[in-house]
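Listed next as structure tokens is one chain, alone, in the form predicted on its own.
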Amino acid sequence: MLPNFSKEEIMSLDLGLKGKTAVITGGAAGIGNETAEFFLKQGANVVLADLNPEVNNIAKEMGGDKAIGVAGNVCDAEYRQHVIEEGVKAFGQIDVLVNCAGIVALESAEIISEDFWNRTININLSASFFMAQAVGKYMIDNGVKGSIVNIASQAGVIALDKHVAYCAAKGGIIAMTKVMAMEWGKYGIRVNAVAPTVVLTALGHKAWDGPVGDAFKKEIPAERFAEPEEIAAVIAFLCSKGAAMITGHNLLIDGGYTIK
């Protein structure tokens, strides 16, 4: 089994992000919330964008005056612009976008409904693109040499049962990441994606604790699932100076599952 370092060890990494400001969609829970915590530990400011009406309270509890939350629906264009405006008003500049907002809804290809398909694509792919478009345009217009990280999945590179819409959305995330990286490199904007395996957030535990998860772990060379802080650390690295020559990349964080 690959080593599993403690959360304290991972959180103590210094990636030189002090003073940067990161907008994190889906920031009230799960990977987004863990990423916000990691950025705060780095001395960064965070703007949490989430449907949860309590997101500003969650942000303040996490980071005090270094964090704000903006409640709303990332599928809405006015809301996306509002998030950017609030971030700039609070912290002066947006340096990073992490697109974490998404859903996992499973159905077989032969019976999936059009509404089910459209909802999955709209939230997981379209909203991520248009949020990246809005932040990218802000960065271009203001000369910000920033970083965007989109959350893909191992489902974006391999087939998974009952994941047809989810696989399509995450495959689209990887493709759009490459195009944005190609087009925006001349502005000093880097765009990357990360593609996790199962991540042991609260929802991850609910879905995968027990015999089904134990069987799945046997197919992973690392013999375990990912911890949320392991994903957050990789996201933060991709936004750091150490990753200055990395753009257009989809970084698998899967314990070796997809090498088979």
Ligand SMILES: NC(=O)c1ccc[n+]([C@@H]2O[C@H](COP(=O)([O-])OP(=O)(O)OC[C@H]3O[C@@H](n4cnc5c(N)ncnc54)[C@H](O)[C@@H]3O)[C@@H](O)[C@H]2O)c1
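Computed from a predicted structure; not experimentally measured. So that there is no doubt, residue numbering starts at 1 and follows the sequence shown.
What comes next is about the form predicted in complex with the ligand, which is not displayed.
With the partner omitted here, the stretch from 132-140, 174-182, 82-90, 99-107 that lies within 4.5 Å of the ligand by heavy atoms in the model of the complex is 99-107. Relative to the ligand in the model of the complex, residues 15, 20 and 46 are all farther than 4.5 Å at every heavy atom. A single residue from the set 112, 168, 75, 158 has any heavy atom within 4.5 angstroms of the ligand in the model of the complex; that residue is 75. Within this chain, residue 31 lines the site of the ligand in the model of the complex, having a heavy atom no more than 4.5 Å away. Taking the partner from elsewhere, residue 69 is found to have every heavy atom lying beyond 4.5 Å of the ligand in the model of the complex.
Interface membership of residue 149, defined by any non-hydrogen atom within 4.5 Å of the ligand in the model of the complex, is ruled out.
Using a 4.5 angstroms limit between non-hydrogen atoms, residue 123 touches the ligand in the model of the complex. In the model of the complex, not one residue of 221-239 has a heavy atom within 4.5 Å of the ligand.
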